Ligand SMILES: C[S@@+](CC[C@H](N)C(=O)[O-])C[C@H]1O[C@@H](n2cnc3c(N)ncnc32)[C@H](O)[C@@H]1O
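In structure tokens, one chain follows: the form predicted alone.
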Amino acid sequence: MAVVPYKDQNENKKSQVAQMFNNIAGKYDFLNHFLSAGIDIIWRKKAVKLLAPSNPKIMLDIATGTGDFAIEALSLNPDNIIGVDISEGMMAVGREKLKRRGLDKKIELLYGDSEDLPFEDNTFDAITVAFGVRNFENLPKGLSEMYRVLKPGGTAVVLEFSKPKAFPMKQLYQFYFKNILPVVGKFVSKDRAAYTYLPESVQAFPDGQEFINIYQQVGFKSTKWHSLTFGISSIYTGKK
């Protein structure tokens, strides 16, 4: 049974995730940085640095949301970055942010389903996803689509929450995710389901070596797993 945000609804996970992000779009950036104490910014920087040696020129950011990962990727000096997402609400916030910063000519945000990407085979030098693969309705299918549109020799970088294994971080993490995050998330965003779904989806996600196994099954080679901040988050890289 897939973990979904709104358990009283009959819509599929994809529809519910889009609805959830549309609901919280206006508060998402603030909550993201506040609830992680800004560590998410450091994680994105680390993920982007892993792409530096390959010098990608055409990039795709999947589940781009408000475009934070795409903006960080500009440090690589690519020719073009396209961000795709299923939440028009998140991208509307992202487009305004890009316009304010004068970046709307460098990054384009488009509606796009991770399991049916609107691009031809072998299009992108690099693909990034930050905190998005956990929301895929069909994880292997979404990863297969990433592999399809990536150029031979290209690199995919996935940044995602994981589950700490060691004491005391494991216990502190679980307490924070189950007791503090949903309360603060509901108070600020007015959508409790969104911040109850987050820890539930992290718990259900096949992180670590399990994710690497799926990564490899869809075709990625030279896969690596980088654990961050005592196992709170992970970066996964793979090549086509």
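Don't overthink the numbering: it's just position in the shown sequence, from 1. Note that the coordinates shown come from a computational prediction; the quantities given were computed from them, not determined experimentally.
This protein has a second form, the form predicted together with this ligand, left out of what is shown; the following refers to that one.
**Student:** Pick the stretch from 169-177, 56-64, 184-192, 206-214 whose residues have a heavy atom within 4.5 Å of this ligand in the predicted complex.
**Tutor:** After filtering at 4.5 Å, what remains is 56-64.
**Student:** Is there a heavy atom of Ser162 no more than 4.5 Å from a heavy atom of this ligand in the predicted complex?
**Tutor:** Output for Ser162 is no: heavy atoms all beyond 4.5 Å of this ligand.
**Student:** With a cut-off of 4.5 Å between heavy atoms, is Phe136 one of the residues that contacts this ligand in the predicted complex?
**Tutor:** Yes, Phe136 sits close enough to this ligand in the predicted complex that at least one of its heavy atoms falls within 4.5 Å.
**Student:** Just checking whether Gly112 would be counted as a contact of this ligand in the predicted complex - the rule being heavy atoms within 4.5 angstroms.
**Tutor:** The answer is yes: Gly112 has a heavy atom within 4.5 Å of this ligand.
**Student:** Is the gap between Phe220 and this ligand in the predicted complex 4.5 Å or less for some heavy atom pair?
**Tutor:** Judged by the heavy-atom cut-off of 4.5 Å, Phe220 is well away from this ligand in the predicted complex.
**Student:** Among the candidate residues Val149, Ile86, Leu98, Ile82, which is the single one with a non-hydrogen atom no more than 4.5 Å from this ligand in the predicted complex?
**Tutor:** In short, Ile86.
**Student:** Give a yes or no on whether every one of Lys14, Val17 and Tyr28 sits within 4.5 angstroms of this ligand in the predicted complex by heavy atom.
**Tutor:** Yes: each residue has a heavy atom within 4.5 Å of the partner.
**Student:** Between 204-240 and this ligand in the predicted complex, list the residues on our side with a heavy atom within 4.5 Å.
**Tutor:** Heavy-atom contacts within 4.5 Å come from no residue here.
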